[in-house]
Ligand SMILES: NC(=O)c1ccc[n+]([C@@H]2O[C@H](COP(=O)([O-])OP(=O)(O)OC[C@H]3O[C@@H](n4cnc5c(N)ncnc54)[C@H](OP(=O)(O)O)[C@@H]3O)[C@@H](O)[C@H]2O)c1
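For reference, the chain that follows is the form predicted alone, supplied as structure tokens.
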Amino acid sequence: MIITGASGFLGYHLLRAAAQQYEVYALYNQKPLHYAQATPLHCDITNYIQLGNYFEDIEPDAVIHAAAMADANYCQQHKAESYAANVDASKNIAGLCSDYKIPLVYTSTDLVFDGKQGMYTEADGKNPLSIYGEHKSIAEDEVLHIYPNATVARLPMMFGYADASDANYLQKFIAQIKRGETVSLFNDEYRSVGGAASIAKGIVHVLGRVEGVVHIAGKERLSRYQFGAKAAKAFGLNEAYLSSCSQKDVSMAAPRPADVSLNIEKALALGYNPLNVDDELNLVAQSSFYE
């Protein structure tokens, strides 16, 4: 199996889920990768020739494409760079998987929706507000056009282990509280927040089991503030440092939808079984998910 974006936040959790069942070739770009149960390979996924050579050499039996330029504010200001990484590279990978006739999961985002409805199903219409959401939406369509047998897994905001990424959202805000800094969290932005370990296991589980789109997220619809309160409790932090604020109070380059919570009934019917947020937060706090 090939996993792209293997040195990223989701990739960290995917490696550990996939290595239990597959021989894993872990593609990374900027951040070096060290994981004994996978073979690391440096790759620029926008380079079709390099990708093709890896496919020819490895002859993978499956691919999870998790690499992306995922900073929505950066993508908003660097459209061409975002399109190359998020759309063109995904088209190339879909084409190669189609040629090899192997299972492919392309990881997308809840930000393909405009947030006016919430609890979106796979059949609901897309209307992204940001360039990042727009490019992921285009990539979804292109991947399924090129390779109809592929799986598009839409994912939510995730939390996980400190070792997974320097840009780990959960760990950043924990560090702020530990420094005695007030953390402002939106009370009016809702996501189906999910633990990355559960979601990674879900992605591996649906690989080759479903064609088209499936939502793999947490079971609970939470505001960022509600999630922050749960995280503070799990880590034994002082909730007095949490401050509730509104989206309109913070100016950002990329527009933010209000409610992109996801309906996950389809994934549950396929056997996806995520832990609830409190339980997975407790495991992360104890560093015991992989024990």
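Heads up: residue numbers just count along the shown sequence, starting at 1. Just so you know, these numbers come straight off a predicted model, no measurement behind them.
We do not show the form predicted in complex with this ligand, though everything after this point is about it.
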Which of S192, T107, S198, S82 has a heavy atom within 4.5 Å of this ligand in the predicted complex?
T107
Using heavy atoms only and a 4.5 Å cut-off, determine which of C97, L155, V214, L170 is in contact with this ligand in the predicted complex.
L155
Should K31 be counted as a contact of this ligand in the predicted complex, where contact means heavy atoms within 4.5 Å?
yes
Taking heavy atoms only, is F9 within 4.5 angstroms of this ligand in the predicted complex?
yes
Residue-level contact is defined here as any heavy atom of the residue lying within 4.5 Å of this ligand in the predicted complex; does D44 satisfy this criterion?
yes
Going by a heavy atom distance of 4.5 Å, is A254 a contact of this ligand in the predicted complex?
no
Going by heavy atoms within 4.5 Å, which of 182 to 190, 206 to 214, 116 to 124, 132 to 140 lines up against this ligand in the predicted complex?
132 to 140
Which residues from 225 to 252 come close to this ligand in the predicted complex, meaning a heavy atom within 4.5 Å?
none
